[in-house]
Each structure stands twice: as structure tokens, then as C-alpha cells.
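First, one chain by itself in C-alpha cells, the form predicted alone.
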């Protein structure tokens, strides 16, 4: 184990509470780390910056290559571009990866969910290219490039190979968007045929795919899709296992990676000590795997699995009465 320097973005609302709890768990598990704490979101504006994503925050992530990020708030209607969109575009974090699995002790309609959404993170309708053609008529441009479609396809197949996954399914709407989604399919097919023929591959139109997900998610493995579809489907899949408080998230590029809780900043419960830190703790486990700290990652994963299965220290959103720090204490108590 070596010492790591990691940028910490506590975020807004409940962000500082869940990041503090996560730091405590990481320390108790034995991670040797120097945190570089920097702002983003509404907190950055409160501290006097003129952007929700200060240049020094971006520069620090570029320098240290990895960040752990709490939920942030981008003020609505004030002309600021989303923090998350800026991070992905400035740092070329082209792959959003969200594993979704059933958790013992969290009762949902399904008990055998184990899938991964791989989302292209830089293009599509989230490119931010919108124009008012004439008063009352607005267009939004969906961007798809061969380079980006190939890059995310190769990442998904490489991920599946390393994680011993069996199949990749591409969600698309190429029956309607024949050029943009058609290009995405062409690139995915080429990577499969030329580089990863050992991985099973199929395609499904996204509306039918969503229906199949809610009928029986156990039939899905790795889901590959463009930006907007990935945003929607990843939240849908989170609902299969208990909600956004029960899934981790990561944004991966060739030169940097940001690991984050994908839920909101929940300002209505901020400062009350009742927020669930599980999602960020789970995201920190993804970060540890990225840093090749697999032993610590496995310790923490086993610990929170044990706490959830036991059911004695669950937060309110999971049906219990534990507070943020109490949940973190319970996880630390299960570390072995």
C-alpha cells in the first residue's frame, strides 16, 4: 500500500456530512491518504468564486488524477453550466460507470440484480448546443463522433473482460436516429468483432430494453449506451435495488477519474445528521479499486454488506433510524 493524494470535493447540502463519514471509514480501513479539499457547486460561489467549478479545482484533479466528490448544487436559472457536465468535458471523463447490485437487507421487488451501466459521458444531447431558431422554436443538437463512440465501446468491452462479465447489450434508438445512434451501433459492433469476439454482444431498442429491465433485470449484464440514455437508465436501475442512495458512480478518463455519490445534495435535510453516506462509501470502494487498493476495497465492501444484512444500523431512507455518523460507526465496527 502506498500513500495517495486525492482531491476531495465535499459539495453542497448533505455533501460535507457524507464525505466526512466516508473519510472516517477510509481511515479506519487503513487507507494512507492526503486529502486536497476544494470547492465546487454553490459552495464555490459562497466562497467568492465566479464559477461553480473553479479552475483551481480542475487543476488539482488534473495534477493528482483522482477525486472523490460529494453531491453538488448548480444554481438554476443563473447561467451556470452544470458542475458535472463541466467536469466531464474539461477532464475528458468519457466513461460514466455505475454498477448496480442487490444488497442484502435492502428489500426490493428483485433479489438478483447485478448489472453495470456504461454511459458515454461527453457527447449526445448533453453537448449543450442549443439555439432558438425563431421565437418559440428551439433546437438542441445531438452530437455523435466516431472517435467518442469507439472510445466508449472499447472501454465497455475492456471493462467486461477485466471484470469477467459475459455480455454487453447496447441500448439505442437507431430505428429513429439512424445516423447518430447508427454510428454508435457501428462502432460497438466493430469493437466487438475485431477486438473482443469472446464477449457476447446484443442490441436492444431502448424502450423495449427498459421494459425488459423492469420485467427481469437478472437477464442483463453490462449495458452500453450514449449520454442521455445512460443518465435515464442508470437511475431506473438504481430504483431496482433501493434507490440512488444504494449505488456508486464514477467518471473515468484516460488521465483522471472522479468518483461520486450520484444522488442530490438534499438541502432539506442538510445539517441534521441523518443523510445516508452509503452511496459515497460505495463510490470510494470503486475509487480504491481504481487505485489498486483492492484489499482495503474488499474490507469496506464486506463491512457495509454486513451492516446492511444485519439491519440494525440502517439510515431512515433504508427503513432504520441511524444517523450519518452512526451508520459510518457501524461500518467501521465490521471492518476485519
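Numbering follows the first chain given and starts at 1. Since this is a predicted model, take the numbers as computed values, not measurements.
Just so you know, the form predicted in complex with a small molecule exists too; it's not on screen, but the next bit is about it.
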| query | finding |
| --- | --- |
| Region of this chain that lies against the small molecule in the predicted bound form, out of 242-250, 206-214, 89-97, 131-139 [heavy atom, 4.5 Å] | 242-250 |
| Single option in 74, 169, 234, 227 placed near the small molecule in the predicted bound form, where near means a heavy atom within 4.5 Å | 74 |
| The small molecule: the contacting residue among 294, 46, 32, 268 in the predicted bound form [heavy atom, 4.5 Å] | 268 |
| Residue 21 within 4.5 Å of the small molecule in the predicted bound form, heavy atoms | no |
| Residue contact check: residue 276 to the small molecule in the predicted bound form, 4.5 Å heavy atom | yes |
| Residue 180: touches the small molecule in the predicted bound form, heavy atom cutoff 4.5 angstroms | no |
| Non-hydrogen atom contact residue 262 with the small molecule in the predicted bound form at 4.5 angstroms | yes |
